[in-house]
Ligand code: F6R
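Encoded as structure tokens, the following chain is the form predicted on its own, with no partner shown.
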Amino acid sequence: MCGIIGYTGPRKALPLLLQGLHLLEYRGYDSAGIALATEGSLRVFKKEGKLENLEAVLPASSAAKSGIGHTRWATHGVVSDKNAHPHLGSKGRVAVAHNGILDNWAEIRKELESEGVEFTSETDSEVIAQLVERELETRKPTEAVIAALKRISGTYGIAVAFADKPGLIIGARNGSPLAIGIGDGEAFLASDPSAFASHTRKAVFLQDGDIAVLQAKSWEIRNLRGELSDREAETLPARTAEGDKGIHPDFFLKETFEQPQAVARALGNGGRLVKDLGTAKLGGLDMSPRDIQGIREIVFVAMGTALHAALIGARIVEAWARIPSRAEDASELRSANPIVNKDTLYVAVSQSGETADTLAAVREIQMKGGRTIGIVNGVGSTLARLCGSGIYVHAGPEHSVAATKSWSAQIVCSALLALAVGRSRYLSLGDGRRVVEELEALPGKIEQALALKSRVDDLARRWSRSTSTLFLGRGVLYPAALEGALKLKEISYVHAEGFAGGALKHGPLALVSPEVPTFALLADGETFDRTLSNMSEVRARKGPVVAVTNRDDPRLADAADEVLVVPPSLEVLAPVLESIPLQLYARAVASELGRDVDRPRNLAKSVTTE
């Protein structure tokens, strides 16, 4: 979702802010802007559309040593220049960039307008700038920001710049992430540390209720009562600074091809696997074998691609640990007054660790006494801190809005959890060792699956103009079918539907036609023959079929127009390998149609508002 970058220090601010905005593009945005602070003035530049539009109106150079920047994803108000951030107060003394949604903005705006304040945008965010500016008449900057925040309700991550204090930036957080970057005589503020990680890896992550007061050579954190808070800086992992596409034309393809390395890191490069004991070593779980023995159910909680990975994780848990397991849509769970049991382990899955619905669901579970752990890629993220224990995915930064490598790594981390729990309960030593061997071999098998790219590109050229595409799978491959459909519609804007093979006759069969391709996912195991039957039903109605399978079966030649074979694996791990051709197909179709693969319309990488 929206991105914030701020800088104060000895260097010229404009190029640093612009660089930060480029690094935040992956979050999704529809407009962008920059406010530059010099003594007694704030110069604001903002434009609808891509950053190139903003760059066209920026000055060739600026002496400003401080400023804030923003990429907006519209909530209140249409996409336009005037609704882009940062927003100025009516007297030009304050500029504000805001991520989040305010609940009571309309009534505050009405109050301020009655006092003669003139608004220039349709956004809820401008209310913050106007409130802070009014409070500045009688208060110092930090006090003015605190007074303004006490008036509003809702979620926010804000950066505030001041005309009269050009070296000062104030940030505040409530439900929307912000981090401070501490450099050598300079300071950064960003919604994602990747925006400043190439300049400093020393960071402080704000918590809800924090007020950050930044100057070039000093920083402090206060709460909403104005009291100083103790907070230690931490060192970001080196991968946070990655942002180069390398030899690839887009981040989506780059990250698709990074999956062997991402899965290897999820496996701790072998360090999380204990082959002699046939188990996984997960120090972050903070659970003893005796604790694990007390688990009676495992419930995964997630959204989007992470939810599809969680659905697979639940299947793996039941296969290896023989514990009832399920996955829940976090947005539904959070508002359902869930029944929380003390012997249930709740596993929150998120790439960013900042997904609003997942965070809200975890807080509701914790309020009811439930035990939560996280499977999270975002180191230092809100979810990681909220859960306190769990498994870091270590997939590395993911810049494309549509997830690829984090999906595979999330499944693998769920498998590690299932292995650790299973070996503490019903999984035998021999079976555990076989699982370890399969997991160790997975990165190499992903490399082999990626070699299908040229064949998948040919399919995309053939069917890129199809108005719809169907994906079917059974058992553990049903969530993979859902994910295949999601990827295609996310980045190509082509309608796609994923469904369970058994549901074919219950509606989806009506969509079958010669113009609608069907991708059928099959794995060597008990569902193979039934999925083969589904394919024959589609072919009988003249629907083209692509089989994606880990079993080279001669019957597939008659049941499918094309057969894409990935390396063999355990049935429950097949989704990792069989998703590779689906990711490549989605990207190839999007490319054929001229879509922006990394930044699809209307979507954001991290959904931090409801």
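The numbering used is simple: start at 1 and walk along the sequence shown. Note that the structure is a prediction, hence the values are computed from the model and not measured.
Below, we turn to the form predicted in complex with fructose -6-phosphate, even though it does not appear here.
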Between the options Ala361, Ile411, Ala402, Leu521, which residue brings a heavy atom to within 4.5 Å of fructose -6-phosphate in the predicted complex? Ala402
Identify, from the list Asn534, Ser191, Gln259, Thr355, the residue with a heavy atom within 4.5 Å of fructose -6-phosphate in the predicted complex. Thr355
Even though fructose -6-phosphate is not shown here, does His85 get within 4.5 Å of it in the predicted complex, heavy atoms only? no
Using the partner position in the predicted complex, report whether Leu136 sits within 4.5 Å of fructose -6-phosphate, counting heavy atoms only. no
Please determine whether Ala179 contacts fructose -6-phosphate in the predicted complex, using a 4.5 Å cut-off between heavy atoms. no
Quick one: is Ala321 in contact with fructose -6-phosphate in the predicted complex, heavy atoms, 4.5 Å cut-off? no
At 4.5 Å between heavy atoms, only one of the stretches 465-473, 119-127, 346-354, 362-370 reaches fructose -6-phosphate in the predicted complex; which one is it? 346-354
Which residues, if any, of 287-326 lie within 4.5 Å of fructose -6-phosphate in the predicted complex when only heavy atoms count? Met303, Gly304, Thr305, Ala306
